[in-house]
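Form predicted on its own, single chain, as structure tokens, below.
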Amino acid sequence: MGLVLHHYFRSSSSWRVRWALAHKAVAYESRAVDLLAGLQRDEAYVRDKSPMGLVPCLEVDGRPLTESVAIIEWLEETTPSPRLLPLDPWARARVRQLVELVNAGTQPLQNLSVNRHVSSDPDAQKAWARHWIDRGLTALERELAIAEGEGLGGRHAIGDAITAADLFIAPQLYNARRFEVDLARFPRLLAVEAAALATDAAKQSHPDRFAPVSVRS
């Protein structure tokens, strides 16, 4: 099976998928799509890879699959070990809930296209993004407390094993720092992030490893 991942190093959606691929030790070819240069809006990319003009896109034997949740769930079904979704139905539902709080309720409101639509003023863009990120992180922190009360606490977001929830939370915190969000009020999220980033898969998929040379220097 041939896999090609079209992604951007600093895109949190892209990082989630890189992380899932690394977690499951699935080999793939990496192809960078420079969002700042607008390559995601290239006519051929939109036509053949991503009709929404977004990253990531995972080509599977030439067939394009977009949306990080769909890609990760496909990986979970085709490469079930090591798991990213718990076997217990309630724990699995909690993981999916945390995933969607980031995927649907937080990250889309602070992405590049939304920020540019809201305002051409960088300060206004940052203020907009901070508002929605802070709102999302506040909800996530509370949901982690609820999960702990249900006996689902542990080293990671849900329990003591990495799940898809960790792959969404850590990149969102990475984004939060870029927009200068005060993270001191989110101790549970910071603990989850620290545990997740200590894993080999996190290090293999981290934006720093995929940044262009001009950004690294």
Ligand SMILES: N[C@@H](CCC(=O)N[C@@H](CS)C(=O)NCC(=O)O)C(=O)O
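If you're wondering where the values come from, they're calculated on a predicted model, not measured in any experiment. One rule holds for the numbers: they count along the sequence shown, beginning at 1.
What comes next is about the form predicted in complex with this ligand, which is not displayed.
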- Give a yes or no on whether each residue among Ser12, Glu67 and Leu112 has a heavy atom within 4.5 Å of this ligand in the predicted complex. yes
- Considering this ligand in the predicted complex, find the one stretch among 83 to 91, 135 to 143, 119 to 127, 102 to 110 with heavy atoms no farther than 4.5 Å from it. 102 to 110
- Query: With the partner left out of view, is Arg31 within 4.5 angstroms of this ligand in the predicted complex by any non-hydrogen atom?
  - Reply: no
- Query: Gly153: heavy atom within 4.5 Å of this ligand in the predicted complex?
  - Reply: no
- Item | Contact test in the predicted complex: Leu54 vs this ligand, heavy atoms, 4.5 Å | yes
- Does Arg185 reach this ligand in the predicted complex if we count a contact as any heavy atom within 4.5 Å? no
- Pick from Ile162, Leu35, Val181, Leu189: which residue has any heavy atom within 4.5 angstroms of this ligand in the predicted complex? Leu35
